[in-house]
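Shown below, as structure tokens, is a lone chain in the form predicted alone; questions about how it binds or moves come after it.
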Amino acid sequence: MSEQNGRPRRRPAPRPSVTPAGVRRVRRRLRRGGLGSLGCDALNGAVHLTGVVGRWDDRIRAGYIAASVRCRGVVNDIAVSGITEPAMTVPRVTDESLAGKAYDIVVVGAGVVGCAIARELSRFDLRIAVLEKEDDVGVHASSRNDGMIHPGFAPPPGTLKAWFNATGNRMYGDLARELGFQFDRVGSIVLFRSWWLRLLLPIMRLRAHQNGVDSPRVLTRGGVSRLEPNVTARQHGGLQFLSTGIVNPFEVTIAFAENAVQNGVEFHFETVLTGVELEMSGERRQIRSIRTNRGVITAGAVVNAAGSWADAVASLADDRFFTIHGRRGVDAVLDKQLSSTQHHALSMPDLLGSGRTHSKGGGLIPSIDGNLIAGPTAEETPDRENYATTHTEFTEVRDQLSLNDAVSSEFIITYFAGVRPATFTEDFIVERSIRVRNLTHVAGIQSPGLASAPAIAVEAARLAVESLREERGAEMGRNETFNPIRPARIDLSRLPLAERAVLISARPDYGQPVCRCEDVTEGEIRDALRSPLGVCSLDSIKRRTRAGAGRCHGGFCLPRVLEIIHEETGLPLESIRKKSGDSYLVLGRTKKIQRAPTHV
């Protein structure tokens, strides 16, 4: 399907600081909502809430009441009786391996946005580092989603979400060719629940135009059924968006990161920012140095792309004007044998907004790897790293299966959860700090963050380089050796038999199957272990090759994958982890191997 041809309007201006009249309006609205005991003032241009409530839902409700006035953001310091927000998980390792290192720009966070920013920054002749507290890129929200590249219709017109979504969507075709990741514009169909929703078509077309999205194709009930023969009989036609795409979100993240490394960027894993030292620079402060669990480093500029903990980074820099609150979503993955039953992404949202006000409602989406994915749900959670799943969420996810009559819950092979880093303004934050000269915030990047990431990266890199240029009084030179091409990884399952045979003749390990569920070979696993990023946990191999992602969940291939990691890295089996932390897979040997005597 074709790329979008329309063009979004100019990038919206940053939100203004809250006025005293705005603060008074929030206080009145809190009183009307039964929350009059809460404190409400202005802080750094944002609405600042304090006090105590008895329920988590009341804390969230107060935050949205505060965001109902025009303001930069909402800082929500309301405590909830009986609930303590879990702290950020941090690596246990401490050393001085980074002590004294100096960088031009440091990016905090290696999600898809942080990695995309690092790649954009590598176009300049600068020394760049990315700090990531986990053992790999994209461990949190960036890999815990359905991989949909949204067209840009859903975000409210005039928001940064709408602008970056439509702009980023257009960039994916070229990026896929440059970075060697799989990308397919499958298109999406927004199904109508009732026939009379067609009366809203003029409003829907206007919204698409305002957001810079190509006008959707209007489908009758029969038109939908011709495109998707298994679609539910409950539909009454719909809107088809041709520009909707699908990717493997982790493949995109790793592609950005590997190309950044190819162009000189340094990635430091299991490295967490623990503090900053500020100094005065004119009328504003600037970050002089950064404290980490691996030593103190210096940076000319800092980009805060810390995802669910971006507000914590802002707080360390004494620049609070927003609070992140976690919104957990659960998705279900269905067996690949259903891949031929559906071709478009299908959804049936509440177009009047009378249901959820902060979620698109989920759907049933083809994945780039051949599975169908149902979800996500949406539930506010005090734990920003809460990836548990519950029976209630299972039931809600299974409701999405009804969009396709050929699908049933017996085909579900696994569930997974992700936590979206939402702000109370429900918009992206991509701007330079007004208090700290060399700090750029990239925060609140929830859905459609994956679709928006390439466009966000261009803007964030521009802002970071701008701050560095102001400090040094000179233009930043371009990286003359920058290479935008990252070779695609070899995926034998997608190749014709003749092409497989050629590769196997050159490297026999491509002919050694390891994961039979996902058709992954030994050679592909060894390629993943030789990644420029140098990661070697079991989960990192799973994300790169899908070894262990099938129906048996690694029951058959796990021992051989461990052996290959040992052979490639020299790590003892007891030192190999599933992911970061103490997630060791082997505790020790049960007995020493006794070799039989050799007879002459």
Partner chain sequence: MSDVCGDELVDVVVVGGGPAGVSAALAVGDAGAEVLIIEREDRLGGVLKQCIHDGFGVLQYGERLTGPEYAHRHVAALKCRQTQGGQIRVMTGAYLHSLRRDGTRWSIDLITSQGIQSIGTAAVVMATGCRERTDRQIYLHGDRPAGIFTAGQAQRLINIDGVMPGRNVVVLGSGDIGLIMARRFVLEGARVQGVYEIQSTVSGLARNVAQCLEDWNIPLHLGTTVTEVHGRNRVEAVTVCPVDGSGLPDHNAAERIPCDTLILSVGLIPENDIIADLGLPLDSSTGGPAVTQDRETQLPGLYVCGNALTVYDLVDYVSECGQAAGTAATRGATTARSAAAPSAHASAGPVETSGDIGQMVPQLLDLAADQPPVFFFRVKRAMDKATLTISRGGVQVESRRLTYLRPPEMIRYELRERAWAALRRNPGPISVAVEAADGS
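Numbering follows the first chain given and starts at 1. Given the structure is predicted, the values throughout are model-derived calculations rather than measurements.
Beyond what is shown, the protein has a form predicted in complex with the partner chain; the following relates to that form.
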Could you check which residue among Leu43, Leu562, Leu571, Val69 gets a heavy atom within 4.5 Å of the partner chain in the predicted complex?
Leu562
With the partner omitted here, the residue among Arg462, Arg234, Arg516, Arg530 that in the predicted complex has a heavy atom within 4.5 Å of the partner chain is Arg516
Judged by heavy atoms and a 4.5 Å cut-off, are Pro156, Arg185 and Arg221 together in contact with the partner chain in the predicted complex?
no
Give a yes/no on whether Phe416 approaches the partner chain to within 4.5 Å in the predicted complex, heavy atoms considered.
yes
How about Arg500: is it within 4.5 Å of the partner chain in the predicted complex, going by heavy atoms?
yes
Report whether the minimum heavy atom distance between Gly39 and the partner chain in the predicted complex is within 4.5 Å.
no
Given that the partner chain is not shown alongside this chain, does Arg11 nevertheless sit within 4.5 Å of it in the predicted complex, heavy atom to heavy atom?
no
Contact stretch among 474 to 482, 166 to 174, 382 to 390, 368 to 376 - heavy atom within 4.5 Å of the partner chain in the predicted complex:
382 to 390
Those residues of 573 to 589 which, in the predicted complex, come within 4.5 Å of the partner chain by heavy atom:
Leu573, Lys578, Lys579, Ser580, Gly581, Asp582, Ser583, Tyr584, Leu585, Val586, Leu587, Gly588, Arg589
